[in-house]
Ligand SMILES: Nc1nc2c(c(=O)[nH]1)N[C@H]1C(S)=C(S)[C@@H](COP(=O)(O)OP(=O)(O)OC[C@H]3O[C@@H](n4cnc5c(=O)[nH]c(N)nc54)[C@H](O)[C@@H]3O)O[C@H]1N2
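Shown next as structure tokens: one chain only, the form predicted on its own.
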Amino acid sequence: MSKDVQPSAKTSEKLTGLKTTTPKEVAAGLPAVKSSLKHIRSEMPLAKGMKVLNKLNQHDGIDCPGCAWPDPDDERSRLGEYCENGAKAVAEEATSKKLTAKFFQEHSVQQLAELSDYELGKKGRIAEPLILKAGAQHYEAISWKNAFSKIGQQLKSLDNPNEAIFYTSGRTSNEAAFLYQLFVRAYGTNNLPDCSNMCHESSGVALGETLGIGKGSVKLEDFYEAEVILILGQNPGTNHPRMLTALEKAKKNGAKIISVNPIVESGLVSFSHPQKVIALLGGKTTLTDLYLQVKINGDMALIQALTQLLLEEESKNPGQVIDQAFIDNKTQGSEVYIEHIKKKDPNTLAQEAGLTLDQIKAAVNILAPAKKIIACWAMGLTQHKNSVNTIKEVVNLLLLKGSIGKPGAGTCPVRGHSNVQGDRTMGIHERPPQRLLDALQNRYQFDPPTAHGYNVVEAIEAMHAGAAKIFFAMGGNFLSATPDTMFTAEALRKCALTVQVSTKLNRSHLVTGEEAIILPCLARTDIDMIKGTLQFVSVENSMGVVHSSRGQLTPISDQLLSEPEIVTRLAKATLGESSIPWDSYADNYDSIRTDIEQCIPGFDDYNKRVREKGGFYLPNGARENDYKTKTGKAHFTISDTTPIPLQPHEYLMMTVRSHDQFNTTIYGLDDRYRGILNERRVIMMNKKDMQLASLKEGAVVDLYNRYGGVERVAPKFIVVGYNIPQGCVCTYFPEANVLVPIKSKADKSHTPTSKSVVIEIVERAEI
């Protein structure tokens, strides 16, 4: 790509015509059914679409390429074990539209960069390997052989393996992820950043330090036994819609639900089950019993206020509120923690949380008598500077109540991508545990590198500084998913080579290194046939179940390779002669699973158990009250709240998904539940804030962040009055990612602070 003409790294600034309606009070129902069919029919013949939907999340079918919500262990719905967004994900992935080299001959990279992310994604599946040569304006076809040869030569030419970065998205299967990390470590680096670094890394750090395992402790059936479900910083109606079915069943079994979120989300208010006749006729189940509309970043203050008041209730009713036997037998540090929390002023904490003390006392009244509590959370908790400590505070609350390691109770960080948890289990980690390195050394007879690699933020900074020269992405849309878009774009452009393993076109194909290669791969829905044998892969869901996924559709092109085959061919082109049996892995995925069994704990009899109906659970110490910490006990921890000061002209911004997207994939332009239609460049503001700033509904504004003395601007956003606490505003990502500073990250986890960005709002003189 010519240095004189660089494609835009930003999302399109075209306004598409905002329409607004009243936010919905109920999620799913008949509108979800209609939306699902609409998206399927827009991308493929209806018969093809129904074929794949009928196999989605079934025992012998396809694992949904969307979220990681678990499938039921018992019977699965014959009408369809999927949600509206699962149908959208399948429509996007299994589209009949395809892109060949001819398309790229007719469309320059510069022309493609002028399209919106929505328009790019709707072009179709990439059907053959492509290369963008140095100085060229158009991608052109390249053979698989030449592509691997070029990448291998470039990797071998580096002065140090640490000059290469190998990113992973959460779509990658267990088998591909294991091979990928094996290749990268045989090559000589731990530079394995992944999408966990940007989402639930804070959960992993907090849970690992307190409970000894960086995963949640509950099973799906625990929801049906819970007395209270606490949902913090999560919007299941859009991000994990099948969770609503579990919440509905929990409610019918007597559970109380407390929802904590700066915005009132319809999926937390009530649910209309789309497979029930009464729901299709307008019936609904009210989900939330108490909605606490906290300020952005007010969660820690809320949790500390809850624990402080629960301890007060315990003093009034000894032995009735906290579980002293559990605390004495299974935990460490309770006395110091209790002494610390009792010194807190609940009125000050309530003010920091943006709530009244009466609201918090209402939550205490629900929590106090409960013995079985599940705490669920997502990125509303994980993407702040204090995220790790906030999640530790959630653990403190559960430990006080003895709500860990028993049916109906525990931790539930809800993962956002279908195998992001499995990828970490397989060794996709820039800071690998020594036991993994020892296992690889014993099995393959090479010395894996021990020095820590780059996480996502460090990888961007290394590329920007010239310390990393090759960027290889196993899936995902790195540019749009990461913070500080312009800084990240500059970093990628400084690379000699960027490589993307992809199914669909995205902005990361347009902002590249000196040269760029696209390697098109099979999708989750595609049949994977090798030498006449049908292959399958496996994944791990949010609750630690490993199960199979079998593609059902004929691939759109005979020029697609599976991710495992891409890794094996890349390894052979780069490493040459090796003690690792790459050919065996490429021929049959059973051989990959045989070696996973030898290297990764919990995978005994892998090939047998993964073929069993529903798969199998991985070991989970926290689930069994067997804490793999240094002391063998769960740890109470001490933290203090850290309010973010704002000047009168400043606001605290969080970025969120619309209902018409999954991560950076934009399915459509309607955020149906929030009543924001046909537009994504919007900023949701409290109407009192609008009045104070002299901003009218529909005003067009520019958004500024000046963290670290660097001015970042997101132009042309439309103001929408919304029910959100004063001083807080909300935008969609990736449109507002340009405002998220690369240097602003969570303590310990280094997760970008996409949920607490300080911004200024300036009205434009003209559109």
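All residue numbers refer to positions in the sequence shown, first residue = 1. Since this is a predicted model, take the numbers as computed values, not measurements.
Just so you know, the form predicted in complex with the ligand exists too; it's not on screen, but the next bit is about it.
- Between the ligand and the residues 681, 401, 504, 219, the one pair within 4.5 Å by heavy atoms in the model of the complex involves 504.
- Between the ligand and the residues 331, 641, 568, 234, the one pair within 4.5 Å by heavy atoms in the model of the complex involves 234.
- Not displayed here, the ligand is kept clear of residue 745 by more than 4.5 Å at the level of heavy atoms in the model of the complex.
- Though the partner is left out of this view, residue 603 does not reach within 4.5 Å of the ligand in the model of the complex, counting heavy atoms only.
- By the criterion of a heavy atom within 4.5 Å, residue 416 is counted among the residues contacting the ligand in the model of the complex.
- Put simply, residue 657 is close to the ligand in the model of the complex: some heavy atom of it is within 4.5 Å.
- Across the proposed site, 380, 523 and 733 without exception bring a heavy atom within 4.5 Å of the ligand in the model of the complex.
- Heavy atoms within 4.5 Å of the ligand in the model of the complex are found in exactly one of 263 to 271, 99 to 107, 142 to 150, 312 to 320, that being 263 to 271.
- Of all the residues from 645 to 672, those having a non-hydrogen atom no more than 4.5 Å from the ligand in the model of the complex are 654, 655, 656, 657, 661, 662, 663, 664, 665.
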